[in-house]
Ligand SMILES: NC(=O)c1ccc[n+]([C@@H]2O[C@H](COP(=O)([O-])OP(=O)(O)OC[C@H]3O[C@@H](n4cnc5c(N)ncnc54)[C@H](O)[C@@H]3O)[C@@H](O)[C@H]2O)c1
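One chain comes next, on its own, written out as structure tokens in the form predicted alone.
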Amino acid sequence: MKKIIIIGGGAMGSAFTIPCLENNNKVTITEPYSKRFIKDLSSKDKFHSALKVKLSKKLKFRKFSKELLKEKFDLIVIALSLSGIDFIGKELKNLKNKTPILVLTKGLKYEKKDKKISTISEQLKNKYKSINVSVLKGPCLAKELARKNQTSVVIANKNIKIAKSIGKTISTKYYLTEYSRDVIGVEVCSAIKNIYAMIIGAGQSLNSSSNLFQKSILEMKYLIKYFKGKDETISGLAGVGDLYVSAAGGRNSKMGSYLGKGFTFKAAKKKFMPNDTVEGEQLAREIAPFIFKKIDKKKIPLMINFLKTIIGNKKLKIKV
């Protein structure tokens, strides 16, 4: 039995408690921001309003505090939005915590000062001196995990023994783990697939969407190589696997379908998805300054066109 703390009470963080508990771990969850999820998790029946399920009574909810982070845990799981990484990084840095960290959050950060793109694990290691950081990515929709549908994910760490140790702690018959040393490739794949899922969703038909899917894979291969990830990661769970799930049924694909119908992003967001976080749009705004200046535009025409569409709030025009 391991003592696990999950920081982030949203859909994914809360769904992740299910396999952790079923693997006979002692699990605590905390939520720094959302009043909605704090109310859900602190309620007697623990009904999660985003997942539409009751979480286990064994799950312990604790109010977020520095004192909580000072307690002894065997694993710290970060399941915050991308904007919360700086916050939790500073909190952990101040504690000088050496507990193994597992990051569920997907995204990339543009470091304006250094004029480079960094992954979440790089941020935590370089800015906040977190040493033992692993990342978990792959084709996993929170609602399906909450229903215990079979799910496969990949845990990445350059030290594969650490990745396998974490996998042993959290794996169940329905929550299966694979392992990779390609931390950068896994993180870049899991982030940019949100943008390509929107592009594929804009296809409006099986014929055009499948064509966009194929071209998206080619662009992802180029970008992974650019960021010094491994080519084989594209064909794995964090690449093709995650892209398929996001394009078939995620929020990014849903937004992409509205863009394909001629709506601008702002109009579609206001009319159809006012309360939804669209990760692809957030990532597009974050990485656009770097992509426009540093990447060969001829190699990634879908990405370039999409970034211009989002930044300029224009109607999307894709030539398949």
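Only a predicted model underlies this, so the values are computations on that prediction, with no experimental measurement involved. Sequential numbering from 1, following the sequence displayed.
The same protein also has a form predicted in complex with this ligand, omitted here; what follows describes it.
- For the candidate set S43, S34, S56, S65, a heavy atom within 4.5 Å of this ligand in the predicted bound form is found for exactly one residue, namely S34.
- When this ligand is considered in the predicted bound form, only one residue from L223, V240, L75, C140 comes within 4.5 Å through any heavy atom, namely C140.
- Screening 99-107, 230-238, 200-208, 166-174 for residues having heavy atoms within 4.5 Å of this ligand in the predicted bound form returns a single hit, 99-107.
- Looking at G13, you'd find a heavy atom of it within 4.5 angstroms of this ligand in the predicted bound form.
- Taking the partner from the other structure, this ligand in the predicted bound form has no heavy atom within 4.5 Å of any heavy atom of L212.
- Among heavy atoms of G89, none comes within 4.5 Å of this ligand in the predicted bound form.
- Residue contact check for A156: none of its heavy atoms lie within 4.5 Å of this ligand in the predicted bound form.
- Contacts between 242-272 and this ligand, taken as any heavy atom within 4.5 Å in the predicted bound form, involve only R251.
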